[in-house]
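Okay, here we've got a single chain as structure tokens, the form predicted alone, with questions on binding and movement later.
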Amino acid sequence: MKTFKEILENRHAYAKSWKAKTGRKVLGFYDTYFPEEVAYAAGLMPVRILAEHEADDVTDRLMYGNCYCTRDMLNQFARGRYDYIDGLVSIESCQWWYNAFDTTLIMFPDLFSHYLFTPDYLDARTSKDVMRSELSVFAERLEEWLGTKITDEKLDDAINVYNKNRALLRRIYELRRFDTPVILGSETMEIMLANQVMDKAEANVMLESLLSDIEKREPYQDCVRLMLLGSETYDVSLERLVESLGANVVVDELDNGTGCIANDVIPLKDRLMAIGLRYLGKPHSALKDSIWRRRQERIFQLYEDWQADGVIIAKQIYCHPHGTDMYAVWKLLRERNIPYITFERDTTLPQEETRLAVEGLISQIEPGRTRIAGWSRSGAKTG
């Protein structure tokens, strides 16, 4: 557990060390719809660009109106944090991510760059063919840039590595379904975030060892179980705050949480089609869930399966996908009498304001809890 935390906190040093050790390049990306397997097959290490919170005197005049997370991503490039990135890829996704991508390239024009279109209507009849075509163009661009050939054998290896990685992470989530889980929400999210900035083959070795250790742990006591919804997260401050109040985030419906590990690539003779179908078939993000509104039933299924007691919706300020999607989520929760709170944040967490809101939610839930283990705030083990 400690190793994943250190990698997340020192992710730039990790990537530089990986480059020095392997002599290979690092490719940055923003969204979990990015088909990492293709880049991995080309010999690259895909690294997800994550937001932090640093003083910013650059982005106001370049990206005014963007969410704070994407502005910070540009700020980090300007400050040299990502000086090891060799290329950058954006997909058809959030407009703020694209603005960060486009503005970063204006500042750093020598970076390899590619825009990969992923259909907005994932279930359209032609979406699979469009995605297959886009992946073919992307693979050709990488081959031209790197002077290498992305063979079926390399794609098979990448598919196996990534399928294994997602399966191991799903096992960690399964360990949180017990009334007395052996892993906390903050620990899980640290692993998830570190995994997104690592070589997946190395991550798999670490995850296998970690799972063996976690399963031998003394379980935490039963407590209020919360589900996390909303915009993507870039740290574990919210989960730690919840734990400090004697509760635990046992599951999430986040694009960089359950959304990015829920399904695998099913092997096909046409490897690029197989990869494309996996990304089209993964749980819809708020931005892509624009036709049939499938997210609501998935949210409720996860809520039931992990036996959550209430929901926290944490939305990034100016996050338009979740801003326009929120009404449908609220409707679901109200119709099914699920206790919830909603608040906005930027790259920082408003500690006292959030603490009061979470305490209110716990107080609302506590009297109605019916599990045999019961509720004991004084006895709950929270790390």
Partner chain sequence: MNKQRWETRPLEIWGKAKELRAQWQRSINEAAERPGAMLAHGNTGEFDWSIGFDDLTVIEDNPVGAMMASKSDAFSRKCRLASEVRGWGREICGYVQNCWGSQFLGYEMDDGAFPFRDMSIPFPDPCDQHLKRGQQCMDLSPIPRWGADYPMYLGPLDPKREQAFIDHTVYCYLQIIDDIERIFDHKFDDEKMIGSLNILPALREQALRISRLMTHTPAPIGQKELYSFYTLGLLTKVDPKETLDFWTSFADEVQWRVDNHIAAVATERFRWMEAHPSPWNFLKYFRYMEKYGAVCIGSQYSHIISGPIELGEDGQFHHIQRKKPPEGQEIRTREDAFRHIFTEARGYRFKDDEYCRKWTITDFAKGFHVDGAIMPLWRGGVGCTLTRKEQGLRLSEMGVHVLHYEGSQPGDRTDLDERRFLDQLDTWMESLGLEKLEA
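Model, not experiment: these values are computed from the prediction. Residue numbers count along the first chain shown, from 1.
As for the form predicted together with its partner chain, it is not shown, yet the points below apply to it.
Select from the listed residues 167, 137, 266, 205 the one whose heavy atoms reach within 4.5 Å of its partner chain in the predicted bound form.
By the 4.5 Å heavy-atom cutoff, the listed residue in contact is 137.
Residue among 148, 160, 209, 95 with a heavy atom within 4.5 Å of its partner chain in the predicted bound form:
Contact with its partner chain in the predicted bound form is made by 95 alone.
Using heavy atoms and a 4.5 Å cut-off, decide whether 289, 319 and 323 all contact its partner chain in the predicted bound form.
Affirmative, all three are within 4.5 Å.
Report the stretch among 181-189, 302-310, 96-104, 256-264 that approaches its partner chain in the predicted bound form to within 4.5 Å, counting heavy atoms only.
Of the options given, it is 96-104.
Does residue 346 make contact with its partner chain in the predicted bound form, using a 4.5 Å heavy atom cut-off?
No, residue 346 is distant from the partner.
Is it the case that residue 63, even though its partner is missing from this view, gets within 4.5 Å of its partner chain in the predicted bound form, heavy atoms only?
Residue 63 belongs to the contact set for its partner chain.
Given that the partner is absent here, does residue 108 sit within 4.5 Å of its partner chain in the predicted bound form, heavy atoms only?
Result no; residue 108 lies far from its partner chain in the predicted bound form.
Partner contact for residue 246 in the predicted bound form: its partner chain, 4.5 angstroms, heavy atom
Answer no; every heavy atom of residue 246 is more than 4.5 Å from its partner chain in the predicted bound form.
Going through 102-120 from first to last, which residues have a non-hydrogen atom within 4.5 Å of its partner chain in the predicted bound form?
Residues within 4.5 Å: 102, 103, 106, 114, 115, 116, 117, 119, 120.
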